[in-house]
Ligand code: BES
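Just one chain follows, in the form predicted alone, and it is written as structure tokens.
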Amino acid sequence: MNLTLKNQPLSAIDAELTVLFLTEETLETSEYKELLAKTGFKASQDTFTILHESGLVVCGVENYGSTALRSAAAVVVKKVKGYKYSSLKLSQYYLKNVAALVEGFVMGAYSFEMYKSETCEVSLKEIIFSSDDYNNESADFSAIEKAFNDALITATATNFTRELVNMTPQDMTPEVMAEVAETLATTNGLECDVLDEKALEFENMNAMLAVGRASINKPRLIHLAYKPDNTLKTVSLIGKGLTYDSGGLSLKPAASMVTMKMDKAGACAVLGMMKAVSELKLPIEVHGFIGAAENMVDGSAYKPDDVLTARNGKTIEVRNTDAEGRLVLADVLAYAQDTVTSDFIFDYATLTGACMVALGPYTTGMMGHSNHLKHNILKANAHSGELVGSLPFNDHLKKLIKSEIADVCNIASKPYGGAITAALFLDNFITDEMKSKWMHFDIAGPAYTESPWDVFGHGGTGAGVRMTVKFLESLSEKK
């Protein structure tokens, strides 16, 4: 399905269907008011009707804001895919909403069919954006074009991430993830370095190696780098890449193992971010570090009561082998700081169910020391379409990961504030110089869904990609 933008009024564009978004207020003044009344149409959010004789698709929106239009665009494309129309067209709904509409159509149209023996044939081939606003007022075409193209890159990168998240454990092993990164590097002009098991041993990545020890699919550390000329800032992005998590010897219940392919969503998000950044050609040097491993069970598996020595020399008492993602991140964070001097370092992980208890299943948990950095991230994220909530650190929760026999314990002594204590564990692997520049994003809730919400159907959502791209774009705008 192609999205195109034409510098033409809507009436001059040839398409089989025209899309119209109506609020309760604009419905009252619409030329189609009486006809729509006969269909029972109400202009509430995401209500949909199609007037075949008029070649008109109408979708209700609460307002002409980005959130409402993004959701409505997704509804339209999902519905129209079920018909036999090949093209549709629409006007702009203010310049600030171009990106939301593009994202709604691109992400709403996505479906994962890799493992289907028969795929669904879709007639809809083209969605055409007019340069004119819906009220027939012209806007600056160069500004529309930039917003359109940038949003198309970001939405496509988000779908790329979703595709990787949805791949099954037998098809997306640590080695395959490294191959995906190498292919992306070749295609997008990135640098790529992959550390295999022997290289991880040389780098003293003992916590990460312990997690992957019992799997026949050995761990990989992946380092992608985008290095444009005249960079304004340098940012390191770290992704948790558990291609499958059985829980290890602290074995998960059978029902909890289902969907554990999504435990690589942080790593997949970083791959999507690197794709987007390199195609947007932002003047920001970006490094993506991924810890790819599989947490399995055999006689060599690491055990509760083990003490592991991480790359930075910190010792970790293992009390639960299902708290494995933070062990992988501990070494990757340390490696990233040793390898690259960055202005910011962010990590992304499906780390804790506790984050979903705190914020619900749709919101990313953001944790770190700098309130100033949190403010800037939230400001940049305002129109990304992602929901982010901040969870506060405190010294009382920090005491819960104290170990009597090692420097730190990999789980807390009490089952409260688990998302925060997991982040406080990671804080042990952030240098003093980087603490005000580090932010942890727990995407356990929004990274994967089994029930449709917002623009998403079943599966991976690409959580983190749009949010991070918006922040990186904000850095490129600063003088």
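Predicted model, so just to flag it, every value in this text is computed and none were measured. Note that residue numbering begins at 1 and tracks the sequence as displayed.
Absent from the display: the form predicted in complex with the named molecule. The rest refers to it.
Although the partner is absent from this view, residue 320 contacts the named molecule in the model of the complex, with a non-hydrogen atom inside 4.5 angstroms. Using a 4.5 Å cutoff between non-hydrogen atoms, residue 352 counts as a contact of the named molecule in the model of the complex.
Proximity of residue 245 to the named molecule in the model of the complex: non-hydrogen atoms within 4.5 Å are present. Shown alone here, residue 43 lies farther than 4.5 Å from the named molecule in the model of the complex, counting heavy atoms only.
Only one of the listed residues (388, 260, 408, 397) places a non-hydrogen atom within 4.5 angstroms of the named molecule in the model of the complex, and that residue is 260. Proximity to the named molecule in the model of the complex, taken as a non-hydrogen atom within 4.5 angstroms, holds for one residue of 444, 58, 439, 430, which is 444. The stretch that touches the named molecule in the model of the complex, counting heavy atoms within 4.5 Å, is 260 to 268, out of 369 to 377, 190 to 198, 260 to 268, 159 to 167. Within 4.5 angstroms of the named molecule in the model of the complex, the stretch 231 to 253 places a non-hydrogen atom from each of 240, 245, 252, taken in sequence order.
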